[in-house]
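A lone chain, given as structure tokens: the form predicted on its own.
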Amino acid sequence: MQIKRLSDALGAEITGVDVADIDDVEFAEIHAAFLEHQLLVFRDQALEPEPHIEFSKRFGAIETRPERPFTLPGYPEVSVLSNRMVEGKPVGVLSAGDFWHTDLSFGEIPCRATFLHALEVAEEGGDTEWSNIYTAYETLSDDMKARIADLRCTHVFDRRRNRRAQVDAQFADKADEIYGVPVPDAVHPMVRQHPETGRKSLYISPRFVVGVEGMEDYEAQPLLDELFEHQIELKFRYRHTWRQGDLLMWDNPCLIHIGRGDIKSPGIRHMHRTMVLGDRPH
């Protein structure tokens, strides 16, 4: 197994390992690299759904929701992200991650780790970009750190309630069905402590955060806009151009990400995703 850092901001590439066949020593090395680099890129993985699920489960319980659209038949743990059309209908989610976010932060127990496997990639377009919210927090001024130390933010699933996120065009004709599901709002600390490293992160995102608890919008929204802009400074970011067989896993308590889209026809980007739940943010 070889581990090579991908950028100054975050991320490492791992080669020479098959995640479907690792022993406890290799897993411990992978786990340590995950905590150090926040994002791991495993090259040349030929994963069927079962080993994809089993590898994910080594990091925690996999999140499933019966109402989630485009899960893999027979495998409710696996979501399909794809721009392929069959008889005029999509076979997967077309535009997953089209706003900066950290996965499932709208839940009381958000996602800890996300695993995304590239079965097909387009020749042009379809990149994904991450930003390090550890570093975003650590580079705030002392005055700003003091100002936000005890603030809590409201995270919502429903895009219709978020002025920064438009309804996905794929679901425009059934927005009530997709976004009207009974998902309670979650309230999480703006400054989150990582469950394993103990490092603090700026745990907000424009996709899910709509307000600050106990703060009027005239004060909360300019503060959020300032912090959202700070989160995605170029020095905090890594952009990934996918290769077929890439398996990426990332640490949601300390990263936000965005799908860049812009896939050039006739390119196909077809991927399988699992998500592992973490703990209640504190």
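These numbers were taken from a predicted model, which means no experiment stands behind them. Position 1 is the first residue in the sequence shown; the rest follow in order.
The same protein has a further form, the form predicted together with a small molecule, not shown here; the description that follows concerns it.
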Original post:
Where does the small molecule sit in the model of the complex: which of 212-220, 249-257, 52-60, 33-41, heavy atoms within 4.5 Å?
Top reply: 249-257
**OP:** Have a look at Leu81, Met190, Leu140, Ala118 for me and say which one sits with a heavy atom within 4.5 Å of the small molecule in the model of the complex.
**Re:** Leu81
Original post:
Heavy atom within 4.5 Å of the small molecule in the model of the complex: which of Arg159, Arg112, His194, His101?
Top reply: His101
**OP:** Although the small molecule is absent from this view, report whether Pro206 comes within 4.5 Å of it in the model of the complex, heavy atoms only.
**Re:** no
Subject >> is_contact(His270, the small molecule) in the model of the complex, heavy atom dist at most 4.5 Å >> reply: no
Original post:
Even though the small molecule is not shown here, does Gly92 get within 4.5 Å of it in the model of the complex, heavy atoms only?
Top reply: no
**OP:** Find out whether any non-hydrogen atom of Glu124 is located within 4.5 angstroms of the small molecule in the model of the complex, and reply yes or no.
**Re:** no
Original post:
Has each of Gly97, Thr128 and Met275 got a heavy atom lying within 4.5 angstroms of the small molecule in the model of the complex?
Top reply: yes
